[in-house]
Structure formats: structure tokens, C-alpha cells
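Just the one chain here, laid out as C-alpha cells, in the form predicted alone.
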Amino acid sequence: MRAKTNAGIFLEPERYELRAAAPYRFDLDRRDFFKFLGAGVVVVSVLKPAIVAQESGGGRQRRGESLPQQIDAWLHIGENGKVTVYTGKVEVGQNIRTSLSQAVAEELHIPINRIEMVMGDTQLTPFDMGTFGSRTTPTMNPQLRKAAAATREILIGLAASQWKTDQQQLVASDGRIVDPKSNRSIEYAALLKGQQITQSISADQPLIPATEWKVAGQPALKVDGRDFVTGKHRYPSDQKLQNMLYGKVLRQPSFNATLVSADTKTAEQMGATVVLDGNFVGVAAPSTQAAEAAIAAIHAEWKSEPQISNKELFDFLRKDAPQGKDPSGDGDHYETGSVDQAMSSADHRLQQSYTVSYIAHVPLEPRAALANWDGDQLTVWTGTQRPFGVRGQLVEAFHIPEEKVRVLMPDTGSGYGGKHTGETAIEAARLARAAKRPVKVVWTREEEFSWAYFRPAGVIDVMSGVRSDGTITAWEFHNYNSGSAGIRTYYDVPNQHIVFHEVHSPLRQGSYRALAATANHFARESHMDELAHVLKMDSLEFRLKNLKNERLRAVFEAAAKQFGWGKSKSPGQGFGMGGGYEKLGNIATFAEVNVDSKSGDVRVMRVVSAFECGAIVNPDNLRNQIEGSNVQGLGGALFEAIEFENGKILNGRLSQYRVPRFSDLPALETVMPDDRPCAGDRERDL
């Protein structure tokens, strides 16, 4: 079932991490509570589930309202001519800081280097549900363009009034308003004289057509790119404050274990600040090494129940599914025609099962947070895709008003959908409160593997019927656990029965790049190849015969042409393809694969992708996203799978968990039709 937000954005059900219980909820005793917040202050925090909050909006307003329409909620022009832009979206390596800057520069007619983008600061930016779901460009790009365009028109009007001339003859150019007839000009800042534009943005604010773009639509150097490659940029794990301590948390020996007792005397004698609060046991010390030693000195007893292993996983997922054809609501159940009747009359029938394992996100930078209390004010710097969501978790954990919490998100070292929750921020804040000093918590790689959430594992059963001429007549598709994103087939089939079965997952799971679309597209496209093989029909010809979506057909044809589909193969060589539609984008990928006949080793030699998403904001950035997704896809296809047993991860180190290496990379070729006339500026936000 899909949850619809107040802004009309649909959230796929496999965003399990947004619906999970809070990671911590500290029960302060009344005396400590008043000591900390001050006598006479009583706070009751009742948070709405994150799943029902709107995608973006609120400004300095509250959740549930529409996007703020006041220009100054989004954009300020300083006396020095710098333009400051505010957005709750964040930069996690996808380079959205650059493409959003291009959008503003295009409409405001100002160089990119004069724009400063403030992102993901809960005190300064409009409320935003988070940076996920490929929503940044479709929602935030137009919003910032409208704010910039409205500002431009207001500035032109101010200049016309000051010069007592017709504003139709004035133009904006390079941060100035210019009168071509008189050759007069004035800088934006001089025109405003320190005042801010407070007018509202018109609902029908005209924007520059994509066919006329001069800044957007062009490659642009990454904003602050030099800082990233020289080490000047400070990631969340690099943040420092004076008098700061380092925190560590005692982890359970297995998932879902309950703390029975903990002896912290030795750790306290070592000089560490020790916190024991419910199931939370943590320390703060002057160095990481001292914190690790203090944690090692704590003797704890835990209670846990037996749990399954990855060897039993796929049988478990099928058996654990609720009974009934549609256990999770009609949003995950699609039926048309009569599958049983069409199947019985088909010339060929095929039934296959496909499985996907749990996969770790493996961000280059593990989770990190630095927390500081100033009286009853809490400030946290952390790497997250949802600063406002993390703020909500802090409010809930510490029973404090929302306005007492500020979350800042320094551009962080990747997320891939894996940094939506605020465990590290809460851990750092709890330790900082006890130590009465700033505390930084940085997870180890082993903690990242064990205590973050995974891409959902799943079993997908597909049954199909087809005529001898290649026409698909019946399609039945059951997905157990891995989610319903991309579950509907885009092939033209008159009789369909498609169901997502929600399952109680043995491991913590949540958003992963493209969500369940990765699993559903894999199963569907694999089945298409197997159907073509049954028919002894060319795989591309078979797909095109059953595909009416012209934009999807176009990318299959473009990729096939670039790849040279149809050429002969040498021994050990294979060619394959896959494609689909998801998040406003059409993709087709063709691959050349070699298999060593002696060792059985599989190596992908060449990958060609054609991707069409409408108007392209930054071609270089989009190419990077496509090629990066292909590289990440190699891991799931060839190497990556979480191994676990009885509540413990067995391969939770990079020496044990295989991700793609430079030596694995194939030749990557990308075709990007720039469909400027199409509505929407839909560069991906992966």
C-alpha cells in the first residue's frame, strides 16, 4: 500500500525505516528532567509518523502545510551581491548542490559562483521530508526556479520604478538590471539596498523554457569540488568542537537482544563518562582509544532468542507471508483480465522463482554525529538524508520541544538510501548530555554493517503464458518482502495478477537505491529473457513486440544501436539486456559478459546504457549517476550478499563483504537523449 503525503507525493511501502519504532526513547527521572530543562518546564512530544509528513514544505511553518510561497523563505540577496538559497534537501554525493545552483542561476541570471546554497539546516531551511525517491529535481528544482524567476521580475520592476521607465524594455543579466536603450545598469544588491524581497511566488510564475536554457542544461563544475579532492571539506566525521569528547556504544551480541545487567564500575574508574539508560550503554572519553577501552571494560549480560540464518532465508520469507491474495492493501495488488483462463489457453507457459539477498549500503563514510547542548538547546551535526526526520527522532527521544533542536547536515560521504535514521545523532546527544560537553560518535565499519538497515531480501515468483508468435497473454507476479516499487509490468499484457506480500523481515531493512525496483526489474527482465529462450526468439525483438511505451522502446533501440546488438559471439562470451521505467526515467542497459570455462568466473566487459528522463539539467552529473549506478549494480549482481546466523552478521567487514573494485569495472558507455520539450526537469537524485 502506498502512503500519500500532504504534498501529493507517494511513498513506497518498503521505506520500512520511516515506519519503524524510534531507536531510543529515554525515560528520564523527574528530578534529572527538571535539572536539565529547568523547573516549571513540562514538555509532551507527540510526533506524527514520518510516513505521513509532506515531501517538502513548511518553511518556517509547520508540517502539513504546503510549500512556503514567500520568496525570502527560499532566497536572499546580500549587500555584497551574494545570493543565498535555502533548501531542506541535502548533498550526499549526488551533486545536487550544483544542479540546484544551476537552476537558480538560470532564472535569476547570475553566475553560479555568486550563489551560496544552504542545505539541510533545520533552523534555516524550509521543512523537507528528505532527500530520497528521486524527488529533488522534480520538486525542488522547479520550486527554486520559481523563487528565482519571481525575484528577477520584482527586481526588474524596482529598476523600472526607480528609472521611471517601461519594465518591458529592461533585462536581467549577470546580476544586474540593464536598460539596453540608455545603457544604464544597476546591481541587484544596490537596487535592494539591504532590504529583502518578501513578496509571494505566483502559482503560475512563468519559467524559462528548457529549449532556451543557457546555464541549466550544460555541464557545470561541481560546486566546492576542489574542497572535496584536496581534503579541505569537512565531512560529518571530521567535525570538531572545543573540549570535545569521543563516544562509543556497547552493542548487543545479537539482534533483538535485551540487556539483563551491566557492570560499569571499571569503566567509570578509568575516567570515562558512562551512561546506562534502558538498553543503551555508552561511554564518552577524551579519545577514541580511551572510549574503546572503557567499553571493553563493561561486563554486560544479555538475553536473546534463537534466530534464522541466511541459508533458511528464502523459505522463511515464503512461509512467513500473511495468508490471502492481498495482505497489504489494494495499492499492492493489481489485477486485470483472467490470468487463469489466459494461462490455460497459452501455447507456452513458464514458471520461475528469483531471489535477492540482503545487501549493505556500504557508504564510504560510516554514520557520524557531533552533539552539543547549550543549556536546553541541542545542536547536532550529522550525515543524514533526512535532517528534519532526525530532528523529530531527537525530539521524541529527549522529550523536548522541536524549536530546541537544530540539526545540520555537512555534505556527507554518500548514503544510497541508507542514512534516513538518526541513531548516531541520538547516541551522541545522550552522551553529550551526561558529559556536559560536546561528544562525537563515529560508527566503525563493523557497526555500519551490523546496525544499519539493509536492502530488503526477497523471493519473487513469476508465472507467464505466451503465444507462439511471441505475444504475452498472461502474467502472474508475486513479490515476497522486497517491496512493490516497480512491481507493475510495463509490457502490454491483457491478463495480469500482481501482488506484493509483506513479510516480517528477520533483519532490519529499508530504503536502498531505487528501492524494490531493483528486485522487481531483475525478476521481470530475467523472465523475459527466459520466455524469449523458450520461443527461440531474439530477446530484443521479443521485448519490442510486447512494448507499446514509446519512450521505453526508444531507449531499448538507442542502447541496442550503440551496443551493436545482434553481432556474433565468441566462446565464453555472452550478451544480455534489461530495462524499465521508474521514477520518471526510462532506462535500457546492454552488457557483454565473459565466463571463464575452467573457473566459472564471470566478468562484465562492457555496459551500454540509454537513459531518458526529459530535460537534463547537468549532463556530466547525470552521466556520473548512470555510470555509478551501473558500478553499484555489479555488486548486487556478482558479489554482494549479507551472511547472517542467529542474529549476527557473519561478513561484516570489507575484507569479507565483496564490493566492486576498480579491477572489476567494465567499459561504460552512456546514451542520454536530451528531450528538452518534455515536461519537467527530471535529472535523477539517486
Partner chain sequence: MSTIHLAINDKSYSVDTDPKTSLLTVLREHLDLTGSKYGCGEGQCGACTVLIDGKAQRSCITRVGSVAGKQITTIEGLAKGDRLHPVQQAFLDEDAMQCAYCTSGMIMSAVALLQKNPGPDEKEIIDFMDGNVCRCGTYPRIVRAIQRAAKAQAPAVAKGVSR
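Fair warning: this is a prediction, and the values are worked out from it, not measured in the lab. Positions refer to the first chain, counted from 1.
There is another form of this protein, the form predicted together with the partner chain, and it is not shown here; the text below is about that form.
- The chain is drawn here without the partner chain; in the predicted bound form, the stretch among 424 to 432, 486 to 494, 217 to 225, 396 to 404 whose residues come within 4.5 Å of it by any heavy atom is 217 to 225.
- Interface residue among Arg445, Lys569, His299, Lys319, judged by heavy atoms within 4.5 Å of the partner chain in the predicted bound form: Arg445.
- For the candidate set Thr136, Asn95, Gln143, Ser505, a heavy atom within 4.5 Å of the partner chain in the predicted bound form is found for exactly one residue, namely Asn95.
- Residue contact with the partner chain in the predicted bound form: Glu627 places a heavy atom within 4.5 Å of it.
- In the predicted bound form, at least one heavy atom of Thr412 sits within 4.5 Å of the partner chain.
- Interface membership of Arg553, defined by any non-hydrogen atom within 4.5 Å of the partner chain in the predicted bound form, is ruled out.
- Looking at Leu158, you'd find every heavy atom of it more than 4.5 angstroms from the partner chain in the predicted bound form.
- For the partner-free chain shown, Lys222, Gly225, Arg226, Phe228, Val229, Thr230, Gly231, His233, Arg234, Tyr235, Ser237, Asp238, Lys240, Tyr246 of 222 to 254 come within 4.5 angstroms of the partner chain in the predicted bound form, judged by any non-hydrogen atom.
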